[in-house]
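Below sits a lone chain in structure tokens, taken as the form predicted alone.
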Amino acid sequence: MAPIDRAKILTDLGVFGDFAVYKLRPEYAMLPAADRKAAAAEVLAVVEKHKDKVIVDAYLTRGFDAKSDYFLRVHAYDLAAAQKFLTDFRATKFGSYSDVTENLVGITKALNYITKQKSETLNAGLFAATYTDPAPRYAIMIPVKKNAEWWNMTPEQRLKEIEVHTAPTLQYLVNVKRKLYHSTGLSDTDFITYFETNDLGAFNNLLIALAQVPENKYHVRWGNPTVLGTIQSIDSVVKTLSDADRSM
């Protein structure tokens, strides 16, 4: 059973991203040490079982967010495969003590606005910018929902707004990686914006720049939640939370 090609699925279009945010219940700390010690192996077995259908990324949020302890980002060509993985994950000991605090689904698509045909200069800027910082340690997930006024604008009007949106972000692409998922009709949001960075100061400046563009006035949701976590293996997330709770 060969695993999915990670590099390919992360660059392909038409790929589903399922973001599941969890809070570990306090009762998990009361489990026998042997059960908690075995939790990581049980979760890894589920990941192995589904490796030909999904890839799973994990993030530790405890200490950054009062409403969550970790989140998973699951990519799949078939959304049902992501659902099956997450169902099996919740059936593990660790998963059964994890309450879902947010779940968002999106799909990757080609650029709608800043294309070579529609906005040649900005498109060139996007593709010329290369991440040059050390490997990212942090990931941030921010859902965005637009209002009816936005969707009733002409494509040409939206293009002008997105051009103004894009221009101030180019300088930060050396410090921040980003990925966009379209989620209208799939979740109660229109977009899931996902970022990775090793420089949270640069990321903060990027978000301030985005908050100042006129297009921001069409948002009815920007964050809520904003989920910040450290990028870790799923094995590390389970072990860290199990070890932390063992000391309580």
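Numbers for residues come from their place in the sequence shown, where the first is 1. Keep in mind that this is a model prediction, so the values were computed, not measured.
Heads up, the form predicted in complex with another copy of the chain isn't pictured, but that's what we're talking about next.
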* To do: Give a yes or no on whether every one of Pro3, Ala39 and Tyr194 sits within 4.5 angstroms of another copy of the chain in the model of the complex by heavy atom.
  => no
* Indicate whether another copy of the chain has at least one heavy atom within 4.5 Å of a heavy atom of Leu207 in the model of the complex. => yes
* Evaluate Pro214 for contact with another copy of the chain in the model of the complex, applying a 4.5 angstroms cut-off between non-hydrogen atoms, and reply yes or no. => yes
* Determine whether any heavy atom of Glu163 comes within 4.5 Å of a heavy atom of another copy of the chain in the model of the complex, and answer yes or no. => no
* Within a 4.5 Å heavy atom cut-off, is Asp188 in contact with another copy of the chain in the model of the complex? -> yes
* To do: Note which of Ala167, Leu173, Val144, Ile107 lies within 4.5 Å of another copy of the chain in the model of the complex, where distance is taken over heavy atoms; exactly one does.
  => Ile107
* Taking another copy of the chain in the model of the complex, which residues along 218 to 240 bring a heavy atom to within 4.5 Å of it? -> Trp222, Gly223, Asn224, Pro225, Thr226, Leu228, Thr230, Gln232, Thr240
